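Only one chain comes next, encoded as structure tokens, the form predicted on its own.
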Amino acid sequence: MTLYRRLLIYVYPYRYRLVAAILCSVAVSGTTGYAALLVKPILDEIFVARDTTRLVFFPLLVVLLYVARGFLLYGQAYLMRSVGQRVIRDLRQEMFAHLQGLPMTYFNRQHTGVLMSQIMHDVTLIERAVTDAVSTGLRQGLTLLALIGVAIYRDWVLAMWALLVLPFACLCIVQLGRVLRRLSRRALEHVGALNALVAEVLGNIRVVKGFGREGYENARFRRGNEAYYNVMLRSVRTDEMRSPIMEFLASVGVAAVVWYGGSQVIAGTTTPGTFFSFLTAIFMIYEPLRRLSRINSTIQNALAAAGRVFGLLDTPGEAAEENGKPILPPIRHGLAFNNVSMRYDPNAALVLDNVSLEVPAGNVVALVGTSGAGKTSLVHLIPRFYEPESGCITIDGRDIREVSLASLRSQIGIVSQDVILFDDTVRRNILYGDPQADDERVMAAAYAAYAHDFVMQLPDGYDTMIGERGVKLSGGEKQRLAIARALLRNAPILILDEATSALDSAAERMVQHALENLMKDRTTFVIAHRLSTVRHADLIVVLHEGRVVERGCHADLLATSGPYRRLYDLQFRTQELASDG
């Protein structure tokens, strides 16, 4: 009921449609009860009394009754389905918006395929909790009450005999429902795991094919698919158990009615019309009871999905503590890391340990170090993708946790080694930097990023679709589009995360020219891979195991025999000789 009360919040905006659907359900139930009542006058007043006048009238009444019932069923079903679809639309939209507001730590723990399963599959199941419970469930429940009323009206003693089985039927429905909900939760978990596996394999299909691991991935999917099949088979067995149980209980009730009622008719204490009207109502009672038991199974599946959906919606987002925070003005003086420490997991080791660093506005800072030194972790703290465990980061002396997150991120542009582009046009991918920009600004950004020429050679120019993750473009072309996007954003703080490391020499030179345009008059953090960027940085910071072990300009650091000199000798000398030659 807690889940249902929460679902009603989403139903409330469409309450008038819901009320109309309920009224239709009441009317349908009334027509069903009235049909059972008609049996007595048809038998006693027409067939027994041999009234030919009424024999003509009653068929017309039956036709009108069932035509009206058909229209009422249509209206009730359409109204409820429309309410259900609106609830799904609103719930799915809220989930998608909420997901985007969750911190990066949440996505580190969750697989994309599982989240996709919750948004698409789980939400669809919830519709059944809304439509089936109110639509079919309410109609069948009201029909059940109407028919019980008819049975009691005809012969309350006989009705008591027939309805003795109802408590046992309700108990069976409740017990089977509990088992079904547990199995439904497990089934949804298996669906999420299968979605995660499919997303992972398709996202890395080149690696799978390149290493010939199709058989291995097939085996992984087969195991997951088999586990899901086994849970669903148990669910089907449990669900279908209600059929023999309900049939047995119904047969006991009907047998009691036939024995007792038949004795009353033979003894002359009741008329055949009354008895058959009663018997019709009893036969009709067990049909809605069967349907209610089936609806209960559907609802349990839906409630299991609702529990997962609301669990996601209850996860605190980044905006939970953002209300009332001031807007961060554009950077004027500089950015500083003050004794910053960080770890990705409470039980893991520190990835940054007591880092302090001051960066004047407009300076270029190169972060160098071996893999795992903490370079990317450090720059990810600036847009607050993650939060430091201790210490703080300030811009112009103001702690970035004390200002609006949106205003902070609006001042930061990012170009990374793993370029993320969307399955959209070139124009819209560049417009990600500033959706309000006009075509002139888009083209200016593309020119500055050395992207305009290759864009104009595409089939539809700026309106060319570039495929998922920009698959139709080369690495250098994707990188230049990412730079154009950052240029259009025109943010005063720039993060370059090994932006040229995956390119060949020709592409690197083109991208490097674009980066030089991008870095002008910006406070830039460069995770260094290419010597040309490192050599001209205002400050080089050497990280090792999460600590700053050395800092200075290129010439000063080379003059020492410290960590930077050793890195230079190991990684950079060959590149420098090649570029100089």
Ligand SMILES: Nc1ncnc2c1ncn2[C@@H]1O[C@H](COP(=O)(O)OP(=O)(O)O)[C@@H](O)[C@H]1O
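Residue positions are given as counts along the sequence shown, with the first one as 1. What you see is a predicted model; the values in this text were computed from it and never measured.
Absent from the display: the form predicted together with the ligand. The rest refers to it.
By the criterion of a heavy atom within 4.5 Å, G433 is excluded from the residues contacting the ligand in the predicted bound form. Contact check for L289: every heavy atom lies farther than 4.5 Å from the ligand in the predicted bound form. Put simply, T298 is far from the ligand in the predicted bound form: not one heavy atom of it is within 4.5 Å.
The ligand is not shown here, and in the predicted bound form it never comes within 4.5 Å of any heavy atom of P360. Only one listed stretch (301-309, 323-331, 375-383, 462-470) carries heavy atoms within 4.5 Å of the ligand in the predicted bound form, and that stretch is 375-383. Checked against the ligand in the predicted bound form, the candidates F168, F422, Y344, Y229 yield a single residue with a heavy atom inside 4.5 Å, and that residue is Y344. This chain is drawn without the ligand; in the predicted bound form, the residue among S263, N108, S356, Q457 with a heavy atom within 4.5 Å of it is N108.
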